[in-house]
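Shown below, as structure tokens, is a lone chain in the form predicted alone; questions about how it binds or moves come after it.
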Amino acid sequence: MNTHEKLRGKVFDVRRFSTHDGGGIRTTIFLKGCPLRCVWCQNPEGLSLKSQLIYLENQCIHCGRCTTVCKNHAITLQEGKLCIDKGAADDWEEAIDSCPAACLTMDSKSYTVEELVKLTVRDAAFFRHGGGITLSGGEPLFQKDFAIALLKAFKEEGIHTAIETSCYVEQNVVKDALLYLDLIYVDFKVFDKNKHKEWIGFTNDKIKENIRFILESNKKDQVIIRTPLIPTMTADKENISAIGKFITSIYPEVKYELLNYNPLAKAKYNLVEREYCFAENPRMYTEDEMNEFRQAARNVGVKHLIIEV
């Protein structure tokens, strides 16, 4: 029996023909689950490992069909509005199948390694010019056994592999994953330990240790450290300078990328019934503002800034 056959992973999105998560045309696989709780999380649907029901209220025609198939009465129609007890133990699949407007769906799907490889290799022709697959999340290494088995399987198919990780995992997991990775994006969001704990839920000691480990490994030239620029939090020249000093002190030729703020994440929070960190959504930074942040990194010795066009 193939050793991968019993492994299953939870995936909340498979994005084909992506041009952002690594070079060339890629398929990005978003694995569910994350140990961190960044208050600005761009993919809040990927935080919990538990599969959850999503209700697309704007599509609902309030026909009430779903209420008739919920054995525990977890879905009710009250004054023309659908009310859902998502914490109830119920067979959501019956409700989903009964909905003529397709306004009910699960936020994730379970796959075997073989199923995801089969789904992805059909696009292999597009990977020949620098493309491949990227594991994202959530934190893809949160499902460590599944993620590493998946990376290994893609390497066996000759497909370029990349990962987007916070590196908030045990170092042995990082070491095992590196064997099957061609490109490693590491998010280093906040340098100050106390601010990191305040905004992300934990201190960054483990992240710093893993960044040092990777930048001292034979994969150091395949690593890109990234900082997402979040207004009033990470988008601070002092924070960027501290991160820049730290990573260049380990490897002077390190690659560094500053990611502009993405205002699109806010719309996802209502779907997962979570509160976003900004009541009023900030705008993206202008190119002049981005250049000021980049200059802060250059001033502390960063030579290789990745600038996406």
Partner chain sequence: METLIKTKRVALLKEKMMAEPRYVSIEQALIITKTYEENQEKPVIIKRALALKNALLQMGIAVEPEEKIVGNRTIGVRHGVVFPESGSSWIDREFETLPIRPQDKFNVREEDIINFKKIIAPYFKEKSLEDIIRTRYGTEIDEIAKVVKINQKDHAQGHICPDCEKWLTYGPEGLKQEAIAKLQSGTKDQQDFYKSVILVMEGTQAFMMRYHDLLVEKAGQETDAANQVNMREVAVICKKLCMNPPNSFHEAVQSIWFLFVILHMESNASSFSPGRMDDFLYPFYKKDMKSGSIDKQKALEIIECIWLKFNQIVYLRNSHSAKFFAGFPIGFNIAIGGQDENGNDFSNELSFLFLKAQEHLGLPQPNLSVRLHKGTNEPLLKEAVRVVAKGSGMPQFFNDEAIISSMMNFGVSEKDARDYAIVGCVELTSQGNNLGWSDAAMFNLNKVLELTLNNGKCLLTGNAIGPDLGNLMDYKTFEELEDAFAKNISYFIDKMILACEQVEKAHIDILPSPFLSAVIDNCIQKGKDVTVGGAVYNFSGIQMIQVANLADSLAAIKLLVYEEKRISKEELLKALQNNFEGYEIIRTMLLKRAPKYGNDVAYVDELGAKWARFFSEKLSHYTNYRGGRYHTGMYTVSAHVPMGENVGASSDGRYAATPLADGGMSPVYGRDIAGPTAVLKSVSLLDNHLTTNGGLLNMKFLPEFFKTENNIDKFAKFLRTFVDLEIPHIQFNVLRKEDLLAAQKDPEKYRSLTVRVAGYTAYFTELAGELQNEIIARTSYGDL
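Positions refer to the first chain, counted from 1. Keep in mind the model is a prediction, meaning the values are calculated, not measured.
What comes next is about the form predicted together with the partner chain, which does not appear here.
The partner chain is not drawn, but in the model of the complex it has a heavy atom within 4.5 Å of Phe126.
In the model of the complex, at least one heavy atom of Asn43 sits within 4.5 Å of a heavy atom of the partner chain. At a distance threshold of 4.5 angstroms between non-hydrogen atoms, Val300 is out of contact with the partner chain in the model of the complex. Taking the partner from the other structure, the partner chain in the model of the complex has no heavy atom within 4.5 Å of any heavy atom of Pro35.
Stretch 253-261 is the contacting one of 47-55, 66-74, 237-245, 253-261, since its residues have non-hydrogen atoms within 4.5 Å of the partner chain in the model of the complex.
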